[in-house]
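Only one chain is shown below, in structure tokens, and it's the form predicted on its own.
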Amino acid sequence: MNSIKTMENSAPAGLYIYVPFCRSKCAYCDFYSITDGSQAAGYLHALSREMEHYREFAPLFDTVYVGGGTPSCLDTGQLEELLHRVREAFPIAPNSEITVEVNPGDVDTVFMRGLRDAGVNRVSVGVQSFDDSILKSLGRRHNGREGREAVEAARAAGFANVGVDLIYGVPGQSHDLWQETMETALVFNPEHLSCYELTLEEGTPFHRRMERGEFSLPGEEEAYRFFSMTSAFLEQRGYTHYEVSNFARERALISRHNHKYWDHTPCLGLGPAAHSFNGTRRWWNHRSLEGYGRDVASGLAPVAGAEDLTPEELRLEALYFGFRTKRGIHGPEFRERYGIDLFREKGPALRCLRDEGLVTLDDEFMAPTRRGLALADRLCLL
């Protein structure tokens, strides 16, 4: 029986901090958040106490990612305090990638300079669209002008690593309108672009409207047209399509933090609803600021649930993540880490995927084609 030789990863760990505040809830969003910003001080206090549980999690961290929720609901003083507490609690490498997500409408050049002063060196701007009608349909509280001004503010503050998040496949969004959105984003020459297909989770207002028949999402063929035109358009303009939804202007600008999720590097998640992974075990915090704070105040780790991954589950995840990235899967490394020679044991299935134009194969690597990236979730079932 094959077994995993080791799940130890010598790479520095990643740190994710979930900020659970939003000024309003978007119609399509299923992430946990609350709109009562008066609880921010209590949240920061609880976060500091949670850090005490994990001081020995890893010998070194080299990425810190502050997401949510809407981190820019906190003021720069609170964000500076948060990052100060992080540096006191954990060994953060000097060259770390430190990212904060921000929403247009919350930020200006003064705010962005405050982030820079706090040690942030990368911002991810949740623009989603520059079209006012699309933004309104999504329930976003900013307009297209504010989206452009937010990216301009990041540049004016001196950020040399700016990411822009966009959404496609929105009802009423034509291919021409989507291309116009991408062209507008490229005016700012962002180092990173995340282009997500709109998906709807049960219970969200958008999902309920779809169930009532008020609109429908693009079918499989139409969704692939959006995906392929996005990939072709951005690659023609020099971006590397390195993961299903992510593009970088240079390989050095690929999100270092996100890559840790895709190669099973340990990541510690702090805050309500945050997830953690130590190499073989995954756990997640209470999806409630009240439950999170109650456990922390009692001296407990605020864990709502956990799972220990079997060797087979880890292999399947490694396939899933590998086929979602342009880098693909390195056969010898996979064999060394997960105990299976994919080329030998899955050779016929891999050759079938190659013949269908879904992957490329050589002596050591298998990697998804553009069409394969679009079907990445299915490729891991080979």
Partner chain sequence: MKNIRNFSIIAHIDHGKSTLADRLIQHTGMVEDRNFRDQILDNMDIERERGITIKSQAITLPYRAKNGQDYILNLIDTPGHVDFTYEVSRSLASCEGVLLLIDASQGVQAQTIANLYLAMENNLAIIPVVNKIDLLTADVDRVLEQIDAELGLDPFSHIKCSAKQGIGIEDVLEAIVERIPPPKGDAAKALSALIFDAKYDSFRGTVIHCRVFDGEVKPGDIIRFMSSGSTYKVEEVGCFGIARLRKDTLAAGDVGYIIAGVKTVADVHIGDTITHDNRPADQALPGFKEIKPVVFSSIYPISSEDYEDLAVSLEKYKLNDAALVYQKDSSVALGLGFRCGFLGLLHLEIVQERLEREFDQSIILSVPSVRYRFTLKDGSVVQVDNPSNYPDPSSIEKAEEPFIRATMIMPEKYLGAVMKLCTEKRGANSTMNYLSPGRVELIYEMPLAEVLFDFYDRFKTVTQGYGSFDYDIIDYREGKLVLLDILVNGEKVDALSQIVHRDNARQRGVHACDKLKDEIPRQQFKIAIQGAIGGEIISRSTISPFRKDVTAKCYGGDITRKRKLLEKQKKGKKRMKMVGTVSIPQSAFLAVLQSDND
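Here the structure is a predicted model, which means the values were calculated and not measured. Numbering follows the first chain given and starts at 1.
A second form of this protein, the form predicted together with the partner chain, is not displayed here; the remarks below concern that form.
- Taking a 4.5 Å heavy atom cutoff to the partner chain in the predicted bound form, the contact residue among E345, E336, E313, E52 is E313.
- Between the options R209, R141, R87, R282, the residue in contact with the partner chain in the predicted bound form by a heavy atom within 4.5 angstroms is R282.
- You can rule out all but one of 169-177, 73-81, 221-229, 295-303: in the predicted bound form, only 221-229 has residues with a heavy atom within 4.5 Å of the partner chain.
- In the predicted bound form, the partner chain stays beyond 4.5 Å of every heavy atom belonging to A41.
- Taking non-hydrogen atoms only, S288 never approaches the partner chain to within 4.5 angstroms in the predicted bound form.
- Contact annotation: L217 falls outside 4.5 Å of the partner chain in the predicted bound form, judged by heavy atom distances.
- Although the partner is absent here, D341 lies well away from the partner chain in the predicted bound form, with no heavy atom inside 4.5 Å.
- Heavy atoms closer than or equal to 4.5 Å to the partner chain in the predicted bound form belong, across 201-218, to one residue only: E201.
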